[in-house]
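A single chain, nothing else alongside it, follows as structure tokens in the form predicted alone.
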Amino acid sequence: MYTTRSLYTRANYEVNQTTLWKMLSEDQCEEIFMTVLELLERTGAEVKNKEALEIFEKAGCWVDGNRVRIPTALSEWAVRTVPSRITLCNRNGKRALSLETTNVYYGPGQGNGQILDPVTGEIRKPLKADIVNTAIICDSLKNIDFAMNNGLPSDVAPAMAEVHAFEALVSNTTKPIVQNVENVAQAQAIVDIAAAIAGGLRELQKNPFVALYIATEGTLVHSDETLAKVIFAAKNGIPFVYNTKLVAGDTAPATPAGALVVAVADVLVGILLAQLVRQGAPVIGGGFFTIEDKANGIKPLGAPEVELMGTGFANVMRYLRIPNFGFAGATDGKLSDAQMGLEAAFSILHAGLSGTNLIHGCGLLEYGLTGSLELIVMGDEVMGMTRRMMKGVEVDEERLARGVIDAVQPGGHYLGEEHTMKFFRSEFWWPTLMNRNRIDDWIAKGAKSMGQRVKEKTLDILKNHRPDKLAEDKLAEIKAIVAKAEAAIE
């Protein structure tokens, strides 16, 4: 039996609780923010929604046609007013994700027009059944914290694809959902579905399990439909991501600092509008960055600049105390190979260490064209490793093990110690896919590659995992809402 010293208190004792990659200092974040304020006041943004123009002008912005210049005081007010933390619940109304400080949560990507079939290996268009499978995979993996569709179903009316995707997700996972919406009609149908499950709009506002994903056009241009969605979300008190997508050297300056200025300015336009519509409207600032690979005519997702600028964006959002949304876990590779593993792992690690709150994109192959359930499964393993690294080294009296070291004495071992039995599971990370067998044991088990093990685990989840189902009356209510929306949305 080991003993410890009595508890004591040390003055001015500093603790590094976790590993953290902080690229920008407080002063650099402030300089970026000051530049954003100047840009919005002097240059402004293009606003193409009539209602938004009226709201901005009434609040004191300078409106000239579609150009809106925003006084610095208004931008600063919006930053102070938007919530510094947002809680997303699970489908049962229990708190699941606390989007605050540097809390990190991972999920898949969305919007891809192809999928890699996990059974046949063919690349084809997604079906609604594939979105069901995505939900099942997300529901089963402990390091996947929220769900997105990983592909738009092609076997439904195109104008209803996002609504059907949400129905497939919410019916097959209890985890929070980030759902893209293309227009207000889709947003209304999705909120109606979520409210039916929650027990009404008010209950959904209190315990939201869905955040709407609203993508802005970038480059300080905000379309009619985009801002209509912002106004809708704010009026209904539903959390939403306002996400800007920028290509450094094309739709944004080539320098990371310049790209960050444009990104933050874009996001602040959406945040200000939301706060003017409903003070305290919950907004998650989103930034996705890439570069132009002119040699191949693509915008890569595995490039280091994706995470370099993404980390800078997370740092600025943290400085402003605004929950943030980023990107990681994707690859420019086309199949389960070393490139897929390297690009996905590096980005998952870096995005996690940056403290980005909501990290989407895991499961996207071929610079975002193709979704892969296998990549989500492999990404879950990398997320587990990353979280262990982020946990860092806890230092307290019990973990310092003074008494244990003294009891064992030099040259002894710790295998039979009570201290070892207590801590070996919580202090060590244990793989589910990475192979640690001796080579003879590995050969005896079929000498399977990582890709084979990932495929087997993916298929096993799809075959055997059974998510908690919604009650039959709720399913019937959802189907009625979808049918009504289908008749109304052309």
Partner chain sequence: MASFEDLSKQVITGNQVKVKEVTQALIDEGSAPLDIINLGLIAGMNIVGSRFKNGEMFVPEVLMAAKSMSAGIEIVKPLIADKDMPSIGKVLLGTVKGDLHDIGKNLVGMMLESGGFTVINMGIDISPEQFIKAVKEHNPDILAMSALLTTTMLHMKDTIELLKEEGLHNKVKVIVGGAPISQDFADEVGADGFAPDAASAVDLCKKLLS
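Remember, it's a predicted structure, so these values are computed and weren't measured experimentally. Numbering follows the first chain given and starts at 1.
Only in words, not in the display: the form predicted together with its partner chain, which the text now covers.
Q: So in the predicted bound form, are Ile136, Asp139 and Lys142 all sitting within 4.5 Å of its partner chain, heavy atoms only?
A: The answer is no: none of the three residues contacts the partner (heavy atom, 4.5 Å cut-off).
Q: May I ask you to choose, among Phe424, Trp429, Trp62, Trp442, the residue with a heavy atom within 4.5 Å of its partner chain in the predicted bound form?
A: Here the answer is residue option Phe424.
Q: Report the residue, out of Pro410, Gly200, Pro158, Gly416, that has at least one non-hydrogen atom within 4.5 angstroms of its partner chain in the predicted bound form.
A: If I apply the 4.5 Å criterion carefully, the residue I get is Gly416.
Q: Which is the contacting stretch out of 50-58, 452-460, 432-440, 28-36, given heavy atoms within 4.5 Å of its partner chain in the predicted bound form?
A: Stretch 432-440 is the one.
Q: According to a 4.5 angstroms non-hydrogen atom cut-off, is Asn92 in contact with its partner chain in the predicted bound form?
A: No - in the predicted bound form, heavy atoms of Asn92 and its partner chain never come within 4.5 Å of each other.
Q: Answer with yes or no whether Thr420 is in contact with its partner chain in the predicted bound form, where contact means some heavy atom within 4.5 Å.
A: Thr420 belongs to the contact set for its partner chain.
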